[in-house]
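Shown next as structure tokens: one chain only, the form predicted on its own.
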């Protein structure tokens, strides 16, 4: 039996909209969503959209059709998130490891990605209507030049929106992200923008690709695989993890609502863990500030100065250095995107 080709499905991969005409979900779905919204709703949901290729094989489609149908499912899922009041969504679109796939599949995926980002430019009015800021997390330099331009244009047209956030992990792995963040910190210390004593968990986190994003409350992976595959390894420490035995194109609103119920059942325990971790980080930062302030005071001969004033001054100076460095990093990444974009 022959595989279904792109033309057999009306060139679906290039024509599908990010914000298609919305269908009436029906009474039962509306009612269930209303019931779910009576409980805690995750503010940030991340998706590992796995199973597109296996779904295509199951349905006797070509691989690129499976990926294209996966995009259609993402568009539908974003609608559900808007309906439920979920303000931030992160999707694992393309791993650095995916470059190891066949040359044809990678080329098809890059062509699909470019088409989807170009399509976003045509839907700018809907992006602005919903106030969606689109952010790309990953090593953009690994992408083909035309995809880099399409990505930069999308980021540029939406960067001033702040009512909702769509984070697309493209040419991304968590190990690459953490390595890159450490390199940025090393450059900061080498250029004397930072001191080694300034480096802490919070600063490392802010140097990551995801530095401006919140941590995901709920991570959903489809396809039956029970692993994170190098996705948001740092950020998922206090996330509710759910693994579904359905391929991504088969993912339904009922699967989604079940995942949210799992989140609600785990909510208090996760909240308590986060709160304890934040308290510990504040305590360790205070201890670090005290130790470093004492060292500086002794070296400067300020033995008779009030200790609280010394610590306060040191903390203010540290925060000033850190904020200046984070602004430098933000502007550096902004300039990189602006240089790629071909929009005025």
Partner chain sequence: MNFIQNPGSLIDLSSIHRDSKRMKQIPAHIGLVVVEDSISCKDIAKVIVWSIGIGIPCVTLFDQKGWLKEMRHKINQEVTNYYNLLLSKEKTKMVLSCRNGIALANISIPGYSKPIRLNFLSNSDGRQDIVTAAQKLCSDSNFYHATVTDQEIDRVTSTLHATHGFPDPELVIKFGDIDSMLGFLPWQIRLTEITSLLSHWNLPYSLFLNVIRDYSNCQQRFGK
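Positions refer to the first chain, counted from 1. Model, not experiment: these values are computed from the prediction.
Only in words, not in the display: the form predicted in complex with the partner chain, which the text now covers.
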Just to confirm, residue 192 within 4.5 Å of the partner chain in the predicted complex by heavy atoms?
no
Heavy atom of residue 276 within 4.5 Å of the partner chain in the predicted complex
yes
Even though the partner isn't displayed, in the predicted complex is residue 262 close enough to the partner chain, meaning a heavy atom within 4.5 Å?
yes
Contact of residue 266 with the partner chain in the predicted complex (heavy atom, 4.5 Å):
yes
Answer among 74-82, 180-188, 127-135, 152-160 for heavy atoms within 4.5 Å of the partner chain in the predicted complex: the stretch 180-188
Interface residue in the predicted complex among 257, 200, 246, 121, criterion: non-hydrogen atom within 4.5 angstroms of the partner chain
200
Which one of 107, 250, 212, 230 is close to the partner chain in the predicted complex, taking close to mean a heavy atom within 4.5 Å?
230
Looking in the predicted complex, the residues of 122-149 with a heavy atom no more than 4.5 Å from the partner chain, listed in order, are none
